[in-house]
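Look below for two forms of one protein chain, each set out as structure tokens: first structure 1, then structure 2.
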Structure 1
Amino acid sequence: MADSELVAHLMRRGGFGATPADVARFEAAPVSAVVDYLVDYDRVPDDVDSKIGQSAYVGVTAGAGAFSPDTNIEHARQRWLFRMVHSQRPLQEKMALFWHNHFATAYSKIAGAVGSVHGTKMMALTRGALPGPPGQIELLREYALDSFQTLLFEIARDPAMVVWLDGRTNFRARPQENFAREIMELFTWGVGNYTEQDVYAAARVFTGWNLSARQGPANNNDPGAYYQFFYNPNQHDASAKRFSFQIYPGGDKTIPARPAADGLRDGMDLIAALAGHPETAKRLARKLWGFFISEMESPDPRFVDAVAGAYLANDTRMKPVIRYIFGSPWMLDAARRWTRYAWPAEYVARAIREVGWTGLSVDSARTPLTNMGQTLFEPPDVAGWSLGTGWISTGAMLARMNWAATLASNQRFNLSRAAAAARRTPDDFMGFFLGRLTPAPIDSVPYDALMAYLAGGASWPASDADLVAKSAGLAKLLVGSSEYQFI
């Protein structure tokens, strides 16, 4: 049976925090009911975007013109935040965030190469909204729990990735190593498993993996034009490529010479070998440990073995892997609650869900997120963000505290109306806020500081003015507290 604390834990880890409705629904239900709700999200319609603009939900800011999240990157960022706040498929957004960090691709380089409209389309176009293939983030959402091998293959042909890691200039005569290096160093098994010569061979494997422009030059900011993946056999190195590791199940280390027309198979063979390798399974397991279980202890080898085993036994499919993790003893261990540093996007989404959003636009979080160190669609480099303590610096903590102030200021009248019933004593008041906001447990020293704050300059029962001021001040202190920065 799940108690309310466990439900909240699973919803923080698998999503962006539990709503009171979530707790009511799953409290006293079997743990598997919460896990199935999170993992089997394809039973729930993916209709969150249709709620954008409706009054019951957090707002968006279009600026001049219409809200255009398929062609305007600032709008795309707002749409993703909106999804994190309101999606009924929270694990899908959570996994999209995980993969966005794993296949870290930055919009600015894409836009520099193809312009802002096509750059946004490559990052965020929803399937079918405009001509052209879906944006990278939609790919990550669609394949979030699919097989990793399939996802890797899709990513290798994803227009944003092809631009990002210079696939467009990977020519037969002059191979380009950028994608070849990162697919091994960062996307699959990591440094130490391959040689420099393997990087050069892998670069030749992906020669000719390029893009073609459709319906116009496609850098003219025409939303109807687009780029799509294009395999150019004339630029493919058709000769054999020898690796230091096994490519084929029989042990063969050489991708054979084959006609250029069939050269796409080179990449499929290499991707299959990398995705299915036990070292890739282990590396993904270690990353999933940090993402879902704990950043405060190194991965338990038994967890790594179990998760890597599940990954390999299921032909690299992620859904059984994630389901296993959520039902595993490591996830259910109460001692591992609050052991993960909240990413800025997670922090902001959870804060909005808990403090409230009536009259708020998610756009108010856009610049603060940059100051916290996480601009969506703009990871600092292909290795993704520096996680864990990497989020925590003085400047970033100021940005988090200041976002808490912005949100509390925006919501102070909503908050004080809701808190009015608890205005009699500071204890009642604190109780109300700790029921609504979810920091990690607050020890007596900071708790006393909060109580002293409530007493300072106010008389209780609180006057109307004090009620508003202390509601805003306490919400700011709690959401801006260090305790709140963990999930």
Structure 2
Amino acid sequence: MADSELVAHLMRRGGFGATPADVARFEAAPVSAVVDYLVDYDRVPDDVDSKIGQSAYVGVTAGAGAFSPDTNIEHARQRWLFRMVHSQRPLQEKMALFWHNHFATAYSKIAGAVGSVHGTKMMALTRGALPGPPGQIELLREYALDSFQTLLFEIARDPAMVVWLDGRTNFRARPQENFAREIMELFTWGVGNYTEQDVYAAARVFTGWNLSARQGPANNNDPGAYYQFFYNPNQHDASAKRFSFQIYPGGDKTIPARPAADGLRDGMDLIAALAGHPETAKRLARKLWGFFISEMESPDPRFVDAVAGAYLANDTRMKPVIRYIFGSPWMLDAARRWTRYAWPAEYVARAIREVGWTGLSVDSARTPLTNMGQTLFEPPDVAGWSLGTGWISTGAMLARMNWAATLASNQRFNLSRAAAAARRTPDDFMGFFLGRLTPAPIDSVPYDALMAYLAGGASWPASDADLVAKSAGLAKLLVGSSEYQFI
């Protein structure tokens, strides 16, 4: 059975923390019920965007104009945070965050090339909201648990990725190597598995994978205009491309010469070879260990082999892989709880879910997130963010503590009302907040310091004024504590 602590653990790893309703729903259910809820999210309507602007949910800030997350990147960042807080498909948002780091693409370069409106559309456009293909984050959501091969093919044709890795200039006479290198080095099997000649051959494979403008995108402020992927056979190198590794099941290492009109097949063949390679399976398994299991220890070779095996046995489909991970002994091991550093977006979303959001705008978290080291849609480079202890520095911890203070102060009256039944003693009060805010287990010294804070300057049972002050103060201390930085 999934006790309350296990439910909270699975919801932190597979989402952005468990609400009391989540715990009540699953604590008497088998573990498989929690896993099914997380993984089979396609059974749940994806209607969270329709809640934006409703009073029962965290707010957004539009500024002078209307809220327009499909054309304004700051609004898009707010929409994604809103989804993290409120989505009934938490694992979908969690996987989108994972893939966003894996296929790291930064808005600033995109906007510099095509303008802010088109840059936002390329990164965040909801399918069908405006003319043009869906934004990259929508692709990551839609294909989050699909086959990795399919996702990789979609990313190779994604307008944001084409701009980000300079595919617009990948022409027959002068192959552009950026995407060719990163698809091997970062997106699939990693350094040490390819040669420089492989990079050049792959660049030739993707010649002609360009962009075309539709409905006049020269006007960068026209939301009805757009760019889309365009395979240009006139710019494709139709000759054979030989690699140092196997491309086809029979062992052939050469993509054959074919008519330029059929040249898109070159890229599909290379993507299939890379996605289906055992080294790609193992590399993804190691990344999934760090994301879902632990950053405190190296990946267990048995885990890597088991996850890679599930990946290859299921034709690179991610849903069976993630289902296996969440039901695995490594995930369910109590010793591996609280063994991953919370990414800033995870930390903020979880804090809002646990502390509260009435009267709060997610816009208040945007600058703090940047100060913590993570601006959504703006990873620092093609390798993504520096994870684990890379999130923790003096400045980043100060930003987290300041955010905790801002949130706790904003929610002080809501917190005090919720804590009223626990006002009799400091022990009752502490018990209530540890149940609501779920930090990692607190050692005796910091615990005693927190209890001393509650006892100081207050009478117990707490007066109304003390209840408000101590609710905000304790929430600030807990959310800003080192124990709250782990999930």
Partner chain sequence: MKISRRAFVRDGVTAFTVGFAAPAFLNDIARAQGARSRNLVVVYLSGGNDALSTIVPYQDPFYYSRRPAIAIPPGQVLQIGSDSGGRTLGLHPRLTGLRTIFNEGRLAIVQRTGYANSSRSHFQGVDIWGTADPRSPTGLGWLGRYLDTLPSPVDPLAGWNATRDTPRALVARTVGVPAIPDVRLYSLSSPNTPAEAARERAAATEMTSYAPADRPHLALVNGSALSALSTLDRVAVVGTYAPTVTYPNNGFALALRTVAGSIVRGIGTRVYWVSTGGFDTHAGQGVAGGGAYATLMSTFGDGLAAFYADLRNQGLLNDTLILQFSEFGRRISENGSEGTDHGAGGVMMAIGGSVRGGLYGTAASLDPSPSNPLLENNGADIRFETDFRAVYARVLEGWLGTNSTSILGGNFLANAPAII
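In this text the structure is predicted, and so the values were computed from the model without any measurement. Each form is matched to the other, and the largest set of C-alpha atoms that superpose within 1.5 Å is called the rigid core. One-based numbering along structure 1's sequence throughout.
Of the two forms shown, the form predicted alone is structure 2. After superposition on the rigid core, the Cα of residue 19 moves by less than 2 Å between structures 1 and 2.
Relative to the superposed core, residue 458 undergoes a C-alpha shift of no less than 2 Å between structures 1 and 2. After superposition on the rigid core, the Cα of residue 478 moves by less than 2 Å between structures 1 and 2. Core fit done between structures 1 and 2; CA of residue 467 shifted by 2.7 Å.
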